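Heads up, the chain below is alone and in the form predicted alone; it's given as structure tokens.
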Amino acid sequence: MAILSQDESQAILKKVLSFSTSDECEATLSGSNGGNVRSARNAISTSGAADDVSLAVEARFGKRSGVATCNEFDDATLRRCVQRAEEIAKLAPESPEYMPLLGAQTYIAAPKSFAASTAGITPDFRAMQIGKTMKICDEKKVTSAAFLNDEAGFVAKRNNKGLEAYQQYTNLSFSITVRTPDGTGSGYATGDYNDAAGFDAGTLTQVAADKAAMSRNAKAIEPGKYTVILEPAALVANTDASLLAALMNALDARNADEGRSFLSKKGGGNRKGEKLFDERVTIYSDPTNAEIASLTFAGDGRPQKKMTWIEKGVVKNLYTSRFWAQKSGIPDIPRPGGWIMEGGTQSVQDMIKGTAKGILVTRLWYIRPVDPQTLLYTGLTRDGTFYIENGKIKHPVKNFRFNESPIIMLNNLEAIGKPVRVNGNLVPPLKIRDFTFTSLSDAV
């Protein structure tokens, strides 16, 4: 099914609401189409396409709520979906955290979150891009595994209180791991884009292949505290399991107020307004940023606006649910989409040149929480870890297990580089002193 326009989407949603008999009713229509291709051992292993549109209807009677979904849009199916949501609502218990549906909202002008170049990607384009990776790796006599995924989508919302929202988006993501034939060297690169015009799999493959060649026959050095240069992919390559993502996930007002966060105060309340990080740390979100344009409304319909979370080391804002904002009398701020950490102009290479002794980390993985009160995490380095001496990479080193907190890390800053897009965020490379490595790992 093609991406529905605003008029097409809202026509379906209006019809859905016309079938409702509940006190409150909200309908969300979302869909996407796209495709993917995966390679392993320098050959395409799978390819696929996805095309889906679905409707979710929430019906409310007083404080009781029910939700039903469907993916067919004839009148009979839409009517039955609404009826089912109402049936569920009548059986549901009352919500102790009930909040009425939002009325009409004002959203900022839709950013360039949709690119025709990405929406128009064909199987031939995917094959050509993966073909570049295989050609480079064959020539260098290394082995690769890669994944390319693209999608174009839309989200539309409407309720019987006057709320109406609609936006289209596109996204392309690519990652590749390259290994040497003897299995001792590994390299990694990743990239994601709203606009596929900026994507070239060959460039990223070259980076990963070079890292793989450089990381062969790594030497073991003693674990301990080291100055490290963390590439952007080491900081936020995965939304839920990375050090900076862990920090952003912790900026929740309710968790802080209820004593479940590093932002909690003894005796109640939170540490909003306190300087907790190096003064060079500023993190904000902006759905209109051209490099990481995202939805201008949250899942519950609240507007997304430019918002500063940490400014010069001071915690400025915390996101919250509508219920908790009302109960606590605090600003009603939704969780952001992508976010931006301000940086400087230095590249990773510039940072290496300015390092007397240290370790370059390409990527972290298998990251797990140890202590939510201090945001202490543990994990492993992988896919290229190198010892730096006198401004140059001297040799690869065996991978480490680390135990570190982004709170400590962002108080031990030596340098902040130029931000680049990773996983829908803008993240700079960071040079950190006294980063804690606790043991060695034989994995590559």
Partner chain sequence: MKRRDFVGLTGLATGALFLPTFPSLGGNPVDPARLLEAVDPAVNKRLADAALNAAKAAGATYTDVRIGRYLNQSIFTREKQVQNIASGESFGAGVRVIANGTWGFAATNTVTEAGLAKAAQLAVQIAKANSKVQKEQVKLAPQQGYGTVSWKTPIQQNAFEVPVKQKVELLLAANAKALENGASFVNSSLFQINEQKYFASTDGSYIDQDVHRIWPTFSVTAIDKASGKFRSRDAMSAPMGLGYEYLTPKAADKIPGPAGSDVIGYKNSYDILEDAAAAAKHARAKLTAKSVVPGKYDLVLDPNHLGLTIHESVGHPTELDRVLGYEANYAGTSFATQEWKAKNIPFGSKQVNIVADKLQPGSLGAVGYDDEGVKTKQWDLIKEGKLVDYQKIRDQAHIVGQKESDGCCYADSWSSVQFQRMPNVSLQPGKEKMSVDEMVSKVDKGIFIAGRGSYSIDQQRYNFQFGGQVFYAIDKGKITGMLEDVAYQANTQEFWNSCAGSCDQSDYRLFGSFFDGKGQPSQVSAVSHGSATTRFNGVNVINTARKIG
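Numbering follows the first chain given and starts at 1. Here the structure is a predicted model, which means the values were calculated and not measured.
This protein has a second form, the form predicted in complex with its partner chain, left out of what is shown; the following refers to that one.
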Decide if the three candidate residues 154, 171 and 221 all line its partner chain in the predicted bound form, where lining means a heavy atom within 4.5 Å. no
Proximity to its partner chain in the predicted bound form (heavy atom, within 4.5 Å), stretch among 125-133, 309-317, 328-336, 289-297: 125-133
Find out whether any non-hydrogen atom of residue 419 is located within 4.5 angstroms of its partner chain in the predicted bound form, and reply yes or no. no
Using the partner position in the predicted bound form, report whether residue 2 sits within 4.5 Å of its partner chain, counting heavy atoms only. no
Quick check on residue 68: any heavy atom within 4.5 Å of its partner chain in the predicted bound form? yes
Its partner chain contact in the predicted bound form: residue 147, any heavy atom under 4.5 Å: yes
Which of 249, 349, 203, 374 has a heavy atom within 4.5 Å of its partner chain in the predicted bound form? 374
Hey, which residues along 254-287 are within 4.5 angstroms of its partner chain in the predicted bound form, non-hydrogen atoms only? 254, 258, 259, 260, 261, 262, 266, 267, 271
